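Take a look at this one chain, the form predicted alone, written out in structure tokens.
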């Protein structure tokens, strides 16, 4: 089984819509934060340090899929469980399960790529660094 991390969020009043349920883009924001938390928990330094030392700018999202199952409201403490679902040459798929206790709120996947800044100033995908893959497996 692959490595999994847990990122905990307390839902705030401002995270909710007028009906008092979490506004759906906040789940995407928390999954993104959990993605960074995953790498930091695995031992990677901040992206700004990796850019300075290795040229790696970060892991932007290329594709995202999300399925919502149950609502949450302010005051709830939720956990985002994150793991690598698959590694490919230049991309990986992060899998997230957002839970309120034992209740599944939503689940989603993000396809991301490791990127560096080219001489033209634009970012370009690079092969997944083997040492990072090893740290995160």
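Numbering follows the first chain given and starts at 1. Everything numeric in this text was worked out from a predicted model, so none of it was measured.
Below, we turn to the form predicted together with a further copy of the same chain, even though it does not appear here.
Given that a further copy of the same chain is left out here, which of 84, 33, 42, 100 has a heavy atom within 4.5 Å of it in the model of the complex?
Contact check passes for 33.
Tell me, yes or no, whether residue 118 is in contact with a further copy of the same chain in the model of the complex, where a contact means a heavy atom of each within 4.5 Å.
Close contact is absent here: in the model of the complex, residue 118 is far from a further copy of the same chain, nothing within 4.5 Å, heavy atoms only.
Flag residue 55 as yes or no: does it have a non-hydrogen atom within 4.5 angstroms of any non-hydrogen atom of a further copy of the same chain in the model of the complex?
Output for residue 55 is no: heavy atoms all beyond 4.5 Å of a further copy of the same chain.
Taking heavy atoms and a 4.5 Å cut-off, does residue 127 contact a further copy of the same chain in the model of the complex?
No, residue 127 is distant from the partner.
Report yes if any heavy atom of residue 28 sits within 4.5 Å of a heavy atom of a further copy of the same chain in the model of the complex; otherwise report no.
Residue 28: yes, in contact with a further copy of the same chain in the model of the complex.
With the partner left out here, which residues of 56 to 92 have a non-hydrogen atom within 4.5 Å of a further copy of the same chain in the model of the complex?
Counting only heavy atoms within 4.5 Å of a further copy of the same chain in the model of the complex, the contacting residues of 56 to 92 are 57, 61, 62, 63, 64, 65, 66, 67, 68, 73, 74.
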